[in-house]
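Listed next as structure tokens is one chain, alone, in the form predicted alone.
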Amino acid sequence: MIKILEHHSLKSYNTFGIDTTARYFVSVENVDELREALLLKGYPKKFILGGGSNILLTEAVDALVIHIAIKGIVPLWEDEQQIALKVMAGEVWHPFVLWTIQHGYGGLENLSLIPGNVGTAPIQNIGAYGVELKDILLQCDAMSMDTAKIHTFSKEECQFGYRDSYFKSEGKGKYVITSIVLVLTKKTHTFNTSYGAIKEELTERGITKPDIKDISNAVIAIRQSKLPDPSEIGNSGSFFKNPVISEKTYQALKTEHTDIPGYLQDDGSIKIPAGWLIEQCGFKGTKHGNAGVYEKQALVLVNLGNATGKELLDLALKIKSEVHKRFGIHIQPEVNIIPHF
């Protein structure tokens, strides 16, 4: 039997450390409890909360907040080369990645130290250092918010894009992901060390033939050098997506901003590092009340003390406005802002 709490603090449930509350709150530890919570009458608004690593709460949540705490890692099948793992939504992402590496399974090493839970990983199609979740995901199970029935989504049905998926667009608010199935390698691992930072880190460590643990350790070191620990400084990692513009627009920008970096995409468009744009606008390391921009990475907004969600949102909007004014580029938040603005 689930227990509903009232006016429950959400400070420890969001990595920004925003001190706000849920009108009603329940933590569910299995699929049956989730179904019970979704089918409860008398709570017209229901809000799903995972690891709280990708949200900015700008006010109290006037809803039944359902915290997903469903745990479990189950092997489904394996052969000499691969293994398929069913991972429940409440597993914390980074400890799970370390678990796969400890067992010798390859595929997730580039995604080490990403905050959040397994259940929110497909929503964002999390990615880092040349690898995205879609590269190793086979399918995921999701429960309908309306009927509480479970539907299995294939990789194609998830409609993955850059930090995007069906669950973030057309299916937003319609489903709760309960588990994902990943296919990982057991023997012949494919390493992705093409990103310069990984190569440099491995070279500094004197590693010429890295294994999955070496790559994971390199990624962890790189991320720790750039990103603050949420347990010490409230943050949600990269706040903005890297904008993608046309080749024509990029070339026009280069005439005025000769050093603007750009990365060619498969479709011919150009991805611009949002952190570079923000830094050029002078925001890196600045303080705005209790909110600020991290001194080592301009893409990260931080809670410097007792910042409210509104303070952080105001700073984000100011950054967005300045970047557009200077470069004519619209940058969009990667973080989900609650309520949506």
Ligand code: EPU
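Note that residue numbering begins at 1 and tracks the sequence as displayed. Note that the coordinates shown come from a computational prediction; the quantities given were computed from them, not determined experimentally.
The next section is about a form of this same protein that is not shown, the form predicted in complex with the ligand.
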Item to check | Contact flag, F47 vs the ligand in the predicted bound form, heavy atom cut 4.5 Å | outcome: no
Next on the checklist: At 4.5 Å between heavy atoms, is N242 in contact with the ligand in the predicted bound form?
Outcome noted: yes
Checklist entry - P261: heavy atom within 4.5 Å of the ligand in the predicted bound form? => result yes
Checklist entry - Hey, in the predicted bound form, is R163 touching the ligand, heavy atoms inside 4.5 Å? => result yes
Checklist entry - Pick from G309, G275, G52, G292: which residue has any heavy atom within 4.5 angstroms of the ligand in the predicted bound form? => result G275
Checklist entry - Ok, Y175, F96, Y250, Y129: which has a heavy atom sitting within 4.5 Å of the ligand in the predicted bound form? => result Y129
Next on the checklist: Quick check for you: of 183-191, 83-91, 144-152, 226-234, which stretch puts a non-hydrogen atom within 4.5 Å of the ligand in the predicted bound form?
Outcome noted: 226-234
Checklist entry - Would you say all of S238, E279 and Q297 touch the ligand in the predicted bound form, counting a heavy atom within 4.5 Å as a touch? => result yes
Checklist entry - Listed by sequence position, which residues of 168-200 have a non-hydrogen atom within 4.5 angstroms of the ligand in the predicted bound form? => result Y195
